[in-house]
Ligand SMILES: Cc1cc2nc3c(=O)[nH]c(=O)nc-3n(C[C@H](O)[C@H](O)[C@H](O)COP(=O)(O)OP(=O)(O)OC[C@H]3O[C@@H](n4cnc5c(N)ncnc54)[C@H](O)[C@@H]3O)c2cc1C
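Next up: just one chain, as structure tokens, the form predicted on its own.
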């Protein structure tokens, strides 16, 4: 591990000013589950680590506010997986949070950190995309709201500007019943990045959204505008035809050690069918 400066700002304004001043030389520490590993293996060599755990505006917490569920930036995966509103209204997110790492990791890992790492394999990204999540970011120019689908650029890169950091993630509370489910495929549960991640959401009107990751440079979301995925009476052939269209641009890396492109593309469709079946079952159960 290379030496670096350490700063623990007490306000959001101080944190933003420091991040703007140091630019790429600064790294944010919240949960630290990815940052500490990269500091130790030398893949990151920052000038300063900015510890934001004591910034009041970034405090953990989950609350309803004006038709949306607001998840504070430092809220952990354990808190998300156990929250009753998330388990009922955003089940895919609860599923995904419960799969992240081990118990010890989930007690430290934050939702904002999972997104800001911009890993194509981020477990929570497909679920959040299915539910139309919005990232709230504060920076030198003030606060802005970024739809999650516009937040990711490619592996390790987001649309956050210099000096910006995530303060919360917002989820619109659905006006009609919406059920969702998360699936993933990995070599060893709790000890490996996913080879494929998948989330499917269907509502009472038959509308469906499907999001997936680890099969391209960033997680993506697709919308079934035919209502086929949300139709319990749809034939296997009809479902397969829709999945072929929605998943047709998936492009897994040919150099990844976790799984071959052919395996990932095959499992992408398998997991989509499983997540759809679970979501439809949850919708029927209310």
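This structure is a prediction, so every number in the text was calculated from the model and none was measured. Numbering follows the first chain given and starts at 1.
There is another form of this protein, the form predicted in complex with the named molecule, and it is not shown here; the text below is about that form.
(request) Would you check, heavy atoms only and a 4.5 Å threshold, whether residue 172 touches the named molecule in the predicted complex? (result) Contact check for residue 172: no, nothing within 4.5 Å of the named molecule in the predicted complex.
(message) With a cut-off of 4.5 Å between heavy atoms, is residue 148 one of the residues that contacts the named molecule in the predicted complex?
(response) Judged by the heavy-atom cut-off of 4.5 Å, residue 148 is well away from the named molecule in the predicted complex.
(request) Would you please decide whether residue 234 lies within 4.5 angstroms of the named molecule in the predicted complex, comparing each non-hydrogen atom pair? (result) Because no heavy atom of residue 234 falls inside 4.5 Å of the named molecule in the predicted complex, the answer is no.
(message) Given that the named molecule is not shown alongside this chain, does residue 57 nevertheless sit within 4.5 Å of it in the predicted complex, heavy atom to heavy atom?
(response) No, residue 57 sits far enough from the named molecule in the predicted complex that none of its heavy atoms falls within 4.5 Å.
(request) Select from the listed residues 31, 230, 46, 252 the one whose heavy atoms reach within 4.5 Å of the named molecule in the predicted complex. (result) Only one option qualifies, and that one is 31.
(request) Just give me the single entry in 216, 206, 139, 101 that has a non-hydrogen atom within 4.5 angstroms of the named molecule in the predicted complex. (result) Only one listed residue qualifies here, and that residue is 101.
(request) Mind telling me which stretch in 257-265, 22-30, 63-71, 234-242 gets its heavy atoms within 4.5 Å of the named molecule in the predicted complex? (result) Stretch with heavy atoms near the partner: 22-30.
(request) Would you give me the residues of 94-115 that have any heavy atom within 4.5 Å of the named molecule in the predicted complex, in order from first to last? (result) Counting only heavy atoms within 4.5 Å of the named molecule in the predicted complex, the contacting residues of 94-115 are 99, 100, 101, 105, 108, 109, 110, 112, 113, 114.
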